[in-house]
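In structure tokens, the next block holds one chain alone, the form predicted alone.
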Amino acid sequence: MRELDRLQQIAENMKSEQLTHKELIAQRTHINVSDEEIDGMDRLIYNHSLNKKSFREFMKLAPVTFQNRIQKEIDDGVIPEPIYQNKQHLFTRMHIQTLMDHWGMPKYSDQYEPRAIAIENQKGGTGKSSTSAILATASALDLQTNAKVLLIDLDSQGTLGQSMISTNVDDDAIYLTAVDIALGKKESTGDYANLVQNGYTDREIILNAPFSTHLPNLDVMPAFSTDERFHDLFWQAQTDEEKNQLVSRFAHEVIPVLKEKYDLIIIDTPPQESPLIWMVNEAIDCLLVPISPREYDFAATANYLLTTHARFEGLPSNGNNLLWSRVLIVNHDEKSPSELDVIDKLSRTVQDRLLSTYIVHSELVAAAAELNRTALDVAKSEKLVPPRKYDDAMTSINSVYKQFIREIKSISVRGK
């Protein structure tokens, strides 16, 4: 047997042993997602619950008024009883979101246009996935903004989206990625094609593709290794028109439908120059470039940014879709003189497109990732890191989120 034929046989053998999308999700969501309970209550649910006092203060209601309103909604079956634990009543995020919707509290969509935001840098290891997850989670936790958030994972080599899917998934669920949907009309076989044959419309498929997470207003679309076929199909296209159709469907037929449901669509991208990046760049309103303040990362990011203008102008929209772009410093060691020198260079070169806040290097981010969580999903009481390091990390993350959402809102005011 020729060596080439042997390699093909090996590939086929490996494919036959490969887990299905559903099996991969089951494996990741049942291990280390939230295997700890607090008196029978899931740790992730517990970490994001508010006690009665905190929830009442957010609602800005007098104690008696608050209690009467809550009791009425319990009596009417709007929400179940809050969870009584450790001598306090806890309102889960599902309780809170249900009540906010029922009471008609202001939503992001009342004042602001929905936005699609890519977290992008072709340099690997720049913290794209952790930044994407942190910003998506922070947005979903922000009760004041009250936005519906979607995290799209397009890095087929990563597992960000897979690890965030809720364990409460129907056995008959169909696992579609953003690439499955983007290629939907170009493929005659596969889950998307089967759904069409069963009478589902394109819009129905798109709206039902995202999966729920541990937060009621945060959904996720995972990526899988099969998404790599997008590149193959693009390069196999015979004409520029066919290539433009592949790049443009996500922008003109997928994202607009998702914006009917979601206010903030955050997209984690692969670390490469590829047709998949072009597809994303054609569809986004905003671009956030994370960078670690190290000389090698500075050089690699500079090279990436040098190609950005030509990349966007070469797209069907000529880059006219891009409304906002910023560079974000991540994984910064504040005690490192060399990193401070790089930050000075970033300040001189990036100027007003450099966010003034940054995410510090933190053991908390790494410790949370080991549990398939973001740093925001970890409670201080879990003692994964020393209290001071926990506080430093949370202060850093919250300051970045506040600047991020403030700037996104500033370019998204309805009627502006």
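All values reported here derive from a predicted model rather than from experimental measurement. Note that residue numbering begins at 1 and tracks the sequence as displayed.
This protein has a second form, the form predicted together with a small molecule, left out of what is shown; the following refers to that one.
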Using a 4.5 Å heavy atom cut-off, which stretch among 57-65, 347-355, 44-52, 363-371 contacts the small molecule in the model of the complex? 363-371
Against the small molecule in the model of the complex, would Gly184 count as a contact residue? Criterion: heavy atoms within 4.5 Å. no
With a cut-off of 4.5 Å between heavy atoms, is Pro106 one of the residues that contacts the small molecule in the model of the complex? no
Determine whether any heavy atom of Lys123 comes within 4.5 Å of a heavy atom of the small molecule in the model of the complex, and answer yes or no. yes
Can you tell me whether Gly127 touches the small molecule? I mean in the model of the complex, with a 4.5 angstroms heavy atom cut-off. yes
Listed residue (Val385, Val378, Ile70, Ile359) with a non-hydrogen atom within 4.5 angstroms of the small molecule in the model of the complex: Ile359
Which one of Asn281, Thr145, Asn331, Thr92 is close to the small molecule in the model of the complex, taking close to mean a heavy atom within 4.5 Å? Asn331
